[in-house]
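Only one chain comes next, encoded as structure tokens, the form predicted on its own.
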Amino acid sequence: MQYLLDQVISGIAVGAIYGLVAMGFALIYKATGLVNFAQGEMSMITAYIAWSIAGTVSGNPWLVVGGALAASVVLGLAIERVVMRPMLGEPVFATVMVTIGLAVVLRSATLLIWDAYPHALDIGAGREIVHIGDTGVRSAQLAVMATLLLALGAFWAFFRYSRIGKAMRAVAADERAAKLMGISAARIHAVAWTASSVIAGIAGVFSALLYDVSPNMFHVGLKSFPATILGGLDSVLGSGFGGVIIGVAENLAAGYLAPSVKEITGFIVIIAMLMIRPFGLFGEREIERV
């Protein structure tokens, strides 16, 4: 029983990282109708920036995290303005291919600016062991769980009560009609890319704290994508919950079947989900009237 509890708690912590990245996928899809295949690379870049800052101001977690998130805001705005805005009105396939190319560029830039070796991110916090009953967890694991809950609450309030959130929902429902009502689609896209970059950056910092900073961190995007499909590609909150489900499923599969099964568990789940409920657990079914 204790082994099961250990696997579940560890899976929730990993799933919280997946959930944050998955929320970024869903947020961009909800605002623009696109899947951003550079989400994992954006998370990785922010983690490397956090590591660089930590090497300069060691022992100051607030400065490290604050600087990294400020960099993620700049990164999101730069990608939207320089790369994605010129693609407005272009075919969806072409725009998605641009995000794939962007992922490759960011991956290569990481190797050029930093190096190909793993590094530990030490910000002076997050590595303390906290005991929950007989289970020991790092404080960073508890922090990432709490952060996911805060992000879920914040986005629920954002979409329900804020003017920009309502405008984003309108653009997602019918961009042409939203433009006729005076809503700036370009502004909504900029907000979506910036917010997505920030939550990807938060996930990247937590992933670096719990594991290492390395060029392989972009895999977090690939492993988080099943969470977006599971929760619903157009459901930001559902994607967050989907991340937790995928994280727990991966840990249980690795613990009770074989470690190698962990890598494919998420994709097995989404294959089953696409066969049974293609729009995800919390996604909206698209109805076409003819």
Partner chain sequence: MRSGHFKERTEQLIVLSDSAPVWAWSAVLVVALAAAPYLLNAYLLSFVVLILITATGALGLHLLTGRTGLISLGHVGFLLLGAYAYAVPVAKYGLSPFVGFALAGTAPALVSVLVGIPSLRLKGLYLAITTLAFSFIIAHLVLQMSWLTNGARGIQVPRPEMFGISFDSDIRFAQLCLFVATITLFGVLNIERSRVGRALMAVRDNDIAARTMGINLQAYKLRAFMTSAFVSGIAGALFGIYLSFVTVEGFPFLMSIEALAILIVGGLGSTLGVVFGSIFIVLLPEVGRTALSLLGENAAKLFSTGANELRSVLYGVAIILFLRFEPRGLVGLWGDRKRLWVNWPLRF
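Positions refer to the first chain, counted from 1. What you are looking at is a predicted structure, and each value in this text was computed from that prediction instead of being measured.
Same protein, other form: the form predicted in complex with the partner chain, not shown, and the subject of what follows.
Stretch-level contact analysis of 97-105, 149-157, 67-75, 194-202 against the partner chain in the predicted complex, using heavy atoms and a 4.5 Å limit, identifies 97-105. A single residue from the set 47, 28, 236, 229 has any heavy atom within 4.5 angstroms of the partner chain in the predicted complex; that residue is 229. Mapping the unseen interface onto this chain, residue 111 counts among the residues with a heavy atom inside 4.5 Å of the partner chain in the predicted complex.
In the predicted complex, residue 87 approaches the partner chain with a heavy atom inside 4.5 Å. Contact check for residue 241: every heavy atom lies farther than 4.5 Å from the partner chain in the predicted complex.
In the predicted complex, residue 83 approaches the partner chain with a heavy atom inside 4.5 Å. Residues of 236-260 placing a heavy atom within 4.5 Å of the partner chain in the predicted complex: 260 alone.
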